[in-house]
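Included below are structure tokens for two forms of one protein chain, each presented in isolation as structure 1 and structure 2.
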Structure 1
Amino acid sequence: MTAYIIRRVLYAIPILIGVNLITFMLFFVVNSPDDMARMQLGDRRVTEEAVVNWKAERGYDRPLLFNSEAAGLDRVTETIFFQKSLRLFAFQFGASDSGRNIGYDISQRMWPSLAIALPVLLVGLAINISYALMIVFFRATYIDIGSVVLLVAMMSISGLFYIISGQFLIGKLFHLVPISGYDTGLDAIKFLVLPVLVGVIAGIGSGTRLYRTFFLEEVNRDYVRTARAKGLRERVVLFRHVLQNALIPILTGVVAVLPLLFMGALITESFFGIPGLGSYTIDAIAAQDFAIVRAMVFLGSVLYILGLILTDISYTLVDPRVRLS
């Protein structure tokens, strides 16, 4: 197990370097350091001296990838890529182009993101599994057919429709909760109800249909026929046997997204005015703040790889037949 984890971590290093390099190249193909300086200074007619000073203060006065004027290792180290990107492997996010501490912003904004993402995951998981089991219980009936049609229709609707509809019906028409905004402490609950509700409803279509497929694959297996032959009720068969054996593919999806909960939902947080990491990333893209974009892409890559490793490890807990070598 230990050797497997170490090997997977070592595999992740070149992947993260590649992600950093691609992000770096894509950003600077669109923007030059001069463009970034003029945008941050907020004036198209800013003087050349101000641009030079801005780049010098933030380390953008170096060459991008290779410093031909330096000697030895300085040709590689005295570059924007080395100074700005490779330090991320030590989780030194540094300061944003606007001067804010990125590490501090992440530590503060991750909690609003978790306050939305965690309830959406847990409540959605309970509803989707329960609904999928009910559909399988009534399989090959009008309930099954009607539910599949409903789920496909829900999958086909854009997430923006759920957000706008929820804001109009629940927030504006019935005035049950605020349309957008955020507060600290227990006062934050009234601002979280609507985005959590919208997130759960928007995920029912794809989640329930996926779990229904998992359960249907297990229903006709030999061990299920044996359980029925012993006289067990269909409800007991579903919950005690089918659900337990379908946990592996379900666990794959759940464990993989657990680390990504910290990243927040880009569209949801932006529409509901939640100061999480999702809206933080959107604002950074709009402001062309490369430092924040680079840090968020790197953090997302690290968390995704961590999710894959946790998924493989969780296999051994659910199914003792699986062993990692």
Structure 2
Amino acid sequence: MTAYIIRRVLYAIPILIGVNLITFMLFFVVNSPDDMARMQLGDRRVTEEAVVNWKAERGYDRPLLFNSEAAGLDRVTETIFFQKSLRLFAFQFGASDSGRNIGYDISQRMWPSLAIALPVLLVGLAINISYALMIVFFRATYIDIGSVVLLVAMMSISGLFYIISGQFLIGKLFHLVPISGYDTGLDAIKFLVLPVLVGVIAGIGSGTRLYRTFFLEEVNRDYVRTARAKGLRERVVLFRHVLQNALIPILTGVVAVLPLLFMGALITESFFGIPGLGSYTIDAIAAQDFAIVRAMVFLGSVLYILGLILTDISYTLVDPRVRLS
């Protein structure tokens, strides 16, 4: 098992290098740092001096890959690729284009993100699984058909609609909770209720439909027929046999997204003014802060790969039929 995990982690390294190369190409080769400086400084008639200053302040004045002016090892280290891209591997995110420490910001902002994403995941999971079970229990009745129509309709509604109408209805019409903002400690709860609610409702359509197909797949298997033939009641069959087996794909799917919860929900956070990593990313995109976007791309890839590894491990733990190879 340990050897397997180590091999999987080692396998992640070339992928991360690939990610790094792609972002490096996107950010520094497609457009030169000069182009970025001009864009940031805004004016087209910006002086050469201002561009040089802007680059020097942010460390973009080095050569891209190879520094012929330096000596020894510095030839490789005193380059943009080493300073800006390779350092990400040590989680040294450096300073943002506006001069803030990205690593510190991330460590502060990941907790509000988690405070939204985790309840959305858990509550959503509970609701989706119970709803899907109910549909399967009443399969081939009007409840089934009506539910499927409802789910498809809910899936077809844009996520933006849930956010906007949720804020409008609950925040503005009924004045139940604050519309947006955030607070520390327990006071945060009243700010979190609305985003969590919106997140859960927005996920019901696709989530329940997916779980319904999982359940339906299990319901038609031989062991279910055997259980029914034994004379077990439908309720027992569903909850003891079908649910347990269908939980395997559901849980491994959840494990895959667990690490990504830190990244936060982009739109929800920025709309409700939650200072999480999602709104951090959105703000960076709006302010065209390339350093932050670069850091978030790397962080996202690391978490995604972590999720993949966790999924593989959890498969072997939950399902003894899967062997490590």
Partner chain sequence: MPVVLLTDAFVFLLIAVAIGFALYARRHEHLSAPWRSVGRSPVGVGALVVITFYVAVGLLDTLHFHPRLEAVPAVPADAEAAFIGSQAVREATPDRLPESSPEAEPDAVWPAPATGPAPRYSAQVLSLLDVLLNPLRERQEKTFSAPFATRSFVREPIEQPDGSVVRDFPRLIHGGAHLADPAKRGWDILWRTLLGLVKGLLLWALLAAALVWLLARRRGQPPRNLARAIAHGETELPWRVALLTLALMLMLMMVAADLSAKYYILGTDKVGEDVFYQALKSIRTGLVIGTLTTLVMLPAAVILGIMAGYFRGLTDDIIQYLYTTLNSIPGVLLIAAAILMLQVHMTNHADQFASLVHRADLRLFFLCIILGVTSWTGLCRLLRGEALKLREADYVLAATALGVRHSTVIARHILPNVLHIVMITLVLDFSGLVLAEAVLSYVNIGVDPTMNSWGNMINSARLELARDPVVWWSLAAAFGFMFTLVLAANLFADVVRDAFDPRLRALR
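Along the sequence of structure 1, residues get numbers from 1 upward. Given the structure is predicted, the values throughout are model-derived calculations rather than measurements. Superpose the two forms; the largest set of C-alphas matching within 1.5 Å is the rigid core.
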| message | Can you tell me whether structure 1 or structure 2 is the form predicted on its own? | response | 1
| field | Per-residue C-alpha change between structures 1 and 2, F271, threshold 2 Å, rigid core fit | value | no
| said: Could you check, with the core superposed, whether the Cα atom of L308 shifts 2 Å or more between structures 1 and 2? | reply: no
| query | Upon rigid core superposition, what is the positional shift of the Cα of L26 between structures 1 and 2, expressed in Å to one decimal? | reply | 2.7
| request: Give me the C-alpha shift of D35 between structures 1 and 2, core superposed, in Å. | output: 4.7
